[in-house]
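Shown here is one chain on its own, the form predicted alone, set out as structure tokens.
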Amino acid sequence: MSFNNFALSISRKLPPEFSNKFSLNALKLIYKFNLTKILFSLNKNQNLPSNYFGLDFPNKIGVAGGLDKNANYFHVLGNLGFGFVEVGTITLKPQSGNPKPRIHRFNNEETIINSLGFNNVGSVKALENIERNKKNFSGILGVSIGKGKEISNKKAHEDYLHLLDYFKDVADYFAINISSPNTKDLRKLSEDEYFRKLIDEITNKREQISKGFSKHKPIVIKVSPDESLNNLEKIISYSLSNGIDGFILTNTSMDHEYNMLGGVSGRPLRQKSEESLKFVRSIVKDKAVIISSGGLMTKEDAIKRFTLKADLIQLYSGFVFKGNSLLQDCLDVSST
């Protein structure tokens, strides 16, 4: 049995939320003792640079927001072979998130239901973690940001602007999370009443930030898979007209048959994510970068996402269930 399969067999026996933390800490220990190459078969194709947003990505395979919420492990994941890692979602103040249990894992169905609710250490501690770990990271770092649970949607833009300012020195790109189903009313930010003001404020702030760096600071919008096609088209069109650089398709879905709170990820999300990718690419053509996420569980899934014209892909549930073997398969796919 490979070390990857041995580690996965242990993780499946542990409670889901504890299992995630245990697995990431195990990877961190392996990294610390320089055992990554010994224990894992690393892909010869993991260094295949591509340029998006004006950034040089080491390869096209990344980690979705939500796995490394507090920026403790992104350098470890980069060492494993990921070309980019998205940390967060980070809020201004620390949040404990929703009551436990809040992650439910169904191994046979390769399905995860989570109702975490932006649990994170907050912007001050997260920035400290990024500054400490980024010197050991050679990939592209995305920072996913979201409003605090106590902030009204009318004032939500203020949180995003403060966070843009706070992480502007360390983020290679920003992911604007308005699509998590686990923070009350967050998804309403995609409605016209709030969305246009949010995008206007964010793009104005981005221009201020970019002047300080003499280079463009990319912004991507993370989209819900549960949007109507009509509203999704509005989101994409208004974003493009205001210079948003790309879209992450998609977050978790509330459209599931499990009798519990939270969004579904894993195999059941595959079809919705593929449909969103196909629809959005038909609108944006080559005017924006599309990062495909959700339901990527196999090598064949990765092939299909690139066939549907995803520029980059992100793993989350697939990595939880398949570990390093899925990463290596995806790296092979991205090299062809």
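Model, not experiment: these values are computed from the prediction. Start at 1 with the first residue shown and count on from there.
Same protein, other form: the form predicted together with a small molecule, not shown, and the subject of what follows.
- Task: Consider the chain as shown here, without its partner, and state which of Ala302, Ala288, Ala64, Leu277 has a heavy atom within 4.5 Å of the small molecule in the predicted bound form.
- Result: Exactly one listed residue reaches within 4.5 Å, namely Ala64.
- Using a 4.5 Å cut on heavy atoms, which of Gly266, Pro218, Gly142, Gly78 is close to the small molecule in the predicted bound form? The option sitting close enough to the partner is Gly266.
- Query: Does any heavy atom of Asn177 come within 4.5 Å of a heavy atom of the small molecule in the predicted bound form?
  - Reply: Yes, Asn177 sits close enough to the small molecule in the predicted bound form that at least one of its heavy atoms falls within 4.5 Å.
- Message: With a cut-off of 4.5 Å between heavy atoms, is Asn324 one of the residues that contacts the small molecule in the predicted bound form?
- Response: The answer is no: Asn324 has no heavy atom within 4.5 Å of the small molecule.
- Give a yes/no on whether Lys222 approaches the small molecule to within 4.5 Å in the predicted bound form, heavy atoms considered. Yes - in the predicted bound form, heavy atoms of Lys222 and the small molecule come within 4.5 Å of each other.
- Query: Though only this chain appears here, would Ser239 touch the small molecule in the predicted bound form if you measure heavy atom gaps against 4.5 Å?
  - Reply: Taking the distances in the predicted bound form, the answer for Ser239 is no, it never comes within 4.5 Å of the small molecule.
- Query: When the small molecule is placed as it is in the predicted bound form, which of 23 to 31, 53 to 61, 37 to 45, 291 to 299 ends up with heavy atoms within 4.5 Å of it?
  - Reply: That would be stretch 291 to 299.
- Within 4.5 Å of the small molecule in the predicted bound form, do we find a heavy atom from each of Lys69, Thr89 and Ser317? Each of the three qualifies.
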